[in-house]
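The chain below stands alone, shown as structure tokens; this is the form predicted on its own.
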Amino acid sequence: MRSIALITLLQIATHLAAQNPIITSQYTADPTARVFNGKIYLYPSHDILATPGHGRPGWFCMEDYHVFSTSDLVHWSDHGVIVSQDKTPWVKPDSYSMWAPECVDRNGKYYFYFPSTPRDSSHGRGFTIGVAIADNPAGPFIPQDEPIKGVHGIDPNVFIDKDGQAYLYYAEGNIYVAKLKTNMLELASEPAIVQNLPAKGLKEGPFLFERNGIYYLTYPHVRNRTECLEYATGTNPLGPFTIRGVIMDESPTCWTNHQSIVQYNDQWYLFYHHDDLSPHFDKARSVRIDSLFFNADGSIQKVTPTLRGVGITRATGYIEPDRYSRISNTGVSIDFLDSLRPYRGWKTIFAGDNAWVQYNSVDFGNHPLDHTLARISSTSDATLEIHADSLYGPVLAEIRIPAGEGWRIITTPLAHFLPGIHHLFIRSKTTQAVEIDWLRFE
């Protein structure tokens, strides 16, 4: 029984990575995503919960950095710790202030930029920014002995223009920019405040990218009570910039947000964070991804956060209806499987006839599948239908659930097999309460 329980727990812990949030093995925030060697590498900060003597309780607490990678935006590999506060010469070893990082490549080297609190008062008060260097995007990274001279702030972002000039952006009340020398370790110009950004409200987390000759400066901004994501555009990395609008509206529950935007396989993606795994404490955050689109004039279409996220789910993998693309207005809700262990994921609760959820982009392949398995709990007789492509599309399976106690895996033969990629609609055919964790096809 112990082996079966362990396998089930590992399945729950690992297959969640296909949807938002994309990492459930730890808290992650402030994501910088980069494309290196045909893969996306993710460099987030690593939130942990402070304990007495280890960080400031009730505040951000970060002691190291991990790097993750993917080639399909669904399965993420954790390459482990790449930089930590106790192994970086200039960082105060008990500061727990390894905040939002960055990584870029140049001339076969990878430069990892990170802010923290220095151990030596000669570097000044507050945060400064250091660099670690590696020959591989997953490390090992070797921190430099000293931080970058002349820089005091957080949230480093580095942009290398087409002419080879590198720019460092960072935040300290305002957003600053300075040129970098070709060694990527020293400033080539004095930092200057980026002009024409909003005068009121906190601005931080700069991330600049270029598309079709337009330079997009994106940043979180507290316009009201929490951070929304905004952007400004210009024709030069140094500006001037013109405020263009909002990329993502503020969250009602998570005070911070932090973004990066990358193109991968001809699609643009927005990486950001939310408090999915810690809804009552927004200093423990989790990284999300959603697709991003441009209008014909180059403006960015506002991104609506989703639980489904991006990527294509294999029909033979775990499909989690709680990470839905759309949901009916009544009769269905989402909750944690275990409120004391949020990393175990969520469940979908159907409590009304014809309540439904939509889950997009499931790949059934070409090899016929003949049954579905679903992890379900219901104390009453109940029925769920799985439709393809629309709410009243072909019925793939009718799952009849006998009354019982606890979670069970119910096997149901398929009524139809449809090859290729389809959207799924899971619909309740009873008023009795039904809970579903996941389903998959075989």
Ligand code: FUB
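Residue numbers here begin at 1 and follow the sequence given. Remember, it's a predicted structure, so these values are computed and weren't measured experimentally.
Although not depicted, the form predicted in complex with the ligand is the subject of the following passage.
**Student:** Let me test this: is every residue among 155, 258 and 285 within 4.5 Å of the ligand in the model of the complex, going by heavy atom positions?
**Tutor:** Result yes, every residue of the spot touches the ligand.
**Student:** Does residue 221 reach the ligand in the model of the complex, with heavy atoms at most 4.5 Å apart?
**Tutor:** Close contact is absent here: in the model of the complex, residue 221 is far from the ligand, nothing within 4.5 Å, heavy atoms only.
**Student:** According to a 4.5 angstroms non-hydrogen atom cut-off, is residue 204 in contact with the ligand in the model of the complex?
**Tutor:** Although the ligand is absent here, residue 204 would touch it in the model of the complex, with heavy atoms inside 4.5 Å.
**Student:** Is residue 67 a contact residue for the ligand in the model of the complex, using a 4.5 Å heavy atom cut-off?
**Tutor:** No, no contact at 4.5 Å.
**Student:** Would you check, heavy atoms only and a 4.5 Å threshold, whether residue 159 touches the ligand in the model of the complex?
**Tutor:** No.
**Student:** State the residue from 208, 319, 100, 355 whose non-hydrogen atoms include one within 4.5 Å of the ligand in the model of the complex.
**Tutor:** Among 208, 319, 100, 355, a heavy atom within 4.5 Å of the ligand in the model of the complex occurs only for 100.
**Student:** Have a look at 117 to 125, 92 to 100, 231 to 239, 321 to 329 and name the one stretch with heavy atoms inside 4.5 Å of the ligand in the model of the complex.
**Tutor:** Selected stretch: 92 to 100.
**Student:** Can you name the residues of 320 to 345 that have a heavy atom within 4.5 Å of the ligand in the model of the complex?
**Tutor:** Not one residue comes within 4.5 Å of the partner.
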